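Below you'll find only one chain, the form predicted alone, shown as structure tokens.
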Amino acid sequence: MDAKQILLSPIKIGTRECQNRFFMQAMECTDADADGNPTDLTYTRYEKLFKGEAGMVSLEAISITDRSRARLNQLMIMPKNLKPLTTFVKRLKEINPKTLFIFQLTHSGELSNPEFSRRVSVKPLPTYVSDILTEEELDQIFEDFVLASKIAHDAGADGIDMKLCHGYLGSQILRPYNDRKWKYGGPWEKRRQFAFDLYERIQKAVNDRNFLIGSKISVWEGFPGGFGTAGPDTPVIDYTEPIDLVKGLEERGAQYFIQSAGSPSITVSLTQADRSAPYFAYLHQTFAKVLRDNLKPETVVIGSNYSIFRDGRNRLCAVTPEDSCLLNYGAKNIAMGFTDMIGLGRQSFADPLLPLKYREGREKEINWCTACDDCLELLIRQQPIGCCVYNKFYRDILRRTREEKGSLKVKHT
């Protein structure tokens, strides 16, 4: 089987069939309206992804609340958003009914921006100033997650990604650093119960076997006390808790997992390898294999951090450009049983039509992500986000922003 046969082969996720092995990651953007509904800019971005024939697309970090969120113009999922989201899904499904569409549900927790929302946490990290969540407040957050899941279902989404990664509230509760004495703190059995209880309540509330549920998980956050470490004060990798988490969620109905790593506000180069250290992406392949080796064959694992490999011009050493290009590496990892699908993040900005071009034999026309991270700068600056290399609209936004606010060097740590 060659790379094209592998990447364009269908795969079953739960009761649904995914037309190929390309997954478009939830790429947090800032182009919603004041009520958190999709705007013309939002439609344009997702229409291209659906035209591009991705097997599955994730709707970016849609917030279950307007009280604690990371982005000023962030998509939101509350009762007031049901009708606009229903129209949004319907329009995209009309473009391509084969592409599966999931919503990534999130609460920003300690990553909430205090300039326009309330920053909260279960236990503040050093240098982070935030309000401590009470158990009663967390009970309300549970209700918001369950309601958001029902809204996603009613709006026509094919499923949800219950976000447990990248430093947002879910990962904050799971990490060993959360040694606070409370219902979901301290011993692993208490911390994991947050995710277990949430899955059980969502499954009961939605009660539709065709509705997908899974989670994006940072297998190792890469700092002392982060998820996937050996304790509250060490960064040493320990897979015990990540493995137990995915097994427990699988028992509670999870049909897929999206592998990730890091916490972008702390270990951004681990989350998305940059041009100076592209080999960080190799860690993601290891983490994906850890998940794949510990789950049932029918549970789908989606690997991350493939954008950096591009067309082989990636500054990786001890490997040929042909072997290290995104398409060949992705197919190889699927063939070797390390992952079942490949997730594209920054690359989905650079060329949302990649799967279509690949199927039609137009590989030379693919716009490859250069890992310039200008899109990340737009995110940090709360501006509409897209590829500044291939899309003049976003390049002009970046230029104007720099003229008004000065240069910003994106720090990789």
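Don't overthink the numbering: it's just position in the shown sequence, from 1. Remember, predicted model here, so these are calculated numbers, not experimental data.
One more form of this protein should be noted, the form predicted together with a small molecule, which is absent from this view; the next part is about it.
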Interface residue in the model of the complex among S307, T339, S130, S215, criterion: non-hydrogen atom within 4.5 angstroms of the small molecule | S307
Which one of L49, C375, A70, A32 is close to the small molecule in the model of the complex, taking close to mean a heavy atom within 4.5 Å?
-> C375
Three-residue site S108, I173 and P242 fully in contact with the small molecule in the model of the complex at 4.5 Å by heavy atom | no
Heavy atoms within 4.5 Å of the small molecule in the model of the complex: does N20 have any?
-> no
Any of the heavy atoms of G345 lying within 4.5 Å of the small molecule in the model of the complex?
-> yes
Within a 4.5 Å heavy atom cut-off, is S263 in contact with the small molecule in the model of the complex?
-> no
Is I302 a contact residue for the small molecule in the model of the complex, using a 4.5 Å heavy atom cut-off?
-> no
Location of the small molecule contact in the model of the complex, chosen stretch of 358-366, 23-31, 49-57, 36-44 [non-hydrogen atom, 4.5 Å] = 23-31
